[in-house]
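Okay, so we've got a single protein chain in two different forms coming up as structure tokens, structure 1 first and structure 2 after it.
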Structure 1
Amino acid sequence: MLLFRDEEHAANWRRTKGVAQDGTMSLETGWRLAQLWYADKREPGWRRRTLEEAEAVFAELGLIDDFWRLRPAT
């Protein structure tokens, strides 16, 4: 994970490194993802999310581009 001070800083880094914009999110969204992802981790019945459940968490946060797709497109 890389953190940037703003969109321009991120765009400059991507340009110099030749990296696509895929997979970017705000710090707020990253925090919300962590809260949703790890909320039940200490529960006795915890189990790893299915691919569908993981994609549902991403979708809840608006993370819907191809980068966040875990299953092949149908």
Structure 2
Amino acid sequence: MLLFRDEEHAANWRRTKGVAQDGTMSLETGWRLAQLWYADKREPGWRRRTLEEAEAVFAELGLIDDFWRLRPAT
């Protein structure tokens, strides 16, 4: 996951690397995702999220298109 100056730079990188599918988000959304994902990582009670819990985090941030799907298409 990289940071780019803007969408034009991200698009140029995709062309250079031959990356067809991508997910982009604002810094604010990335910060919120980082908070939801990592705030408890050092805690004794931390455990890896279930698929359902991870999907709920993505959904809370509006990350609901195919790029963020965690299960193979049926």
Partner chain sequence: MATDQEIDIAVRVELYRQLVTTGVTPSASDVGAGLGLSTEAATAAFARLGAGRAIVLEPGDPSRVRMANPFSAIPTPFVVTAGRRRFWGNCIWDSLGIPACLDVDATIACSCGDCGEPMTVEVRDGRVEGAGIIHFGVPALHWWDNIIDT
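Every value quoted in this text rests on a predicted model; they were computed, and no experiment measured them. Only the largest set of C-alpha atoms that superpose within 1.5 Å between the two forms is called the rigid core. Numbers given to residues start at 1 and step along the sequence of structure 1.
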query	finding
Selected structure - criterion: the form predicted alone	1
Core-aligned C-alpha movement of L61 between structures 1 and 2, 2 Å or more	no
After superposing on the core, C-alpha shift for H9 between structures 1 and 2 in angstrom	4.2
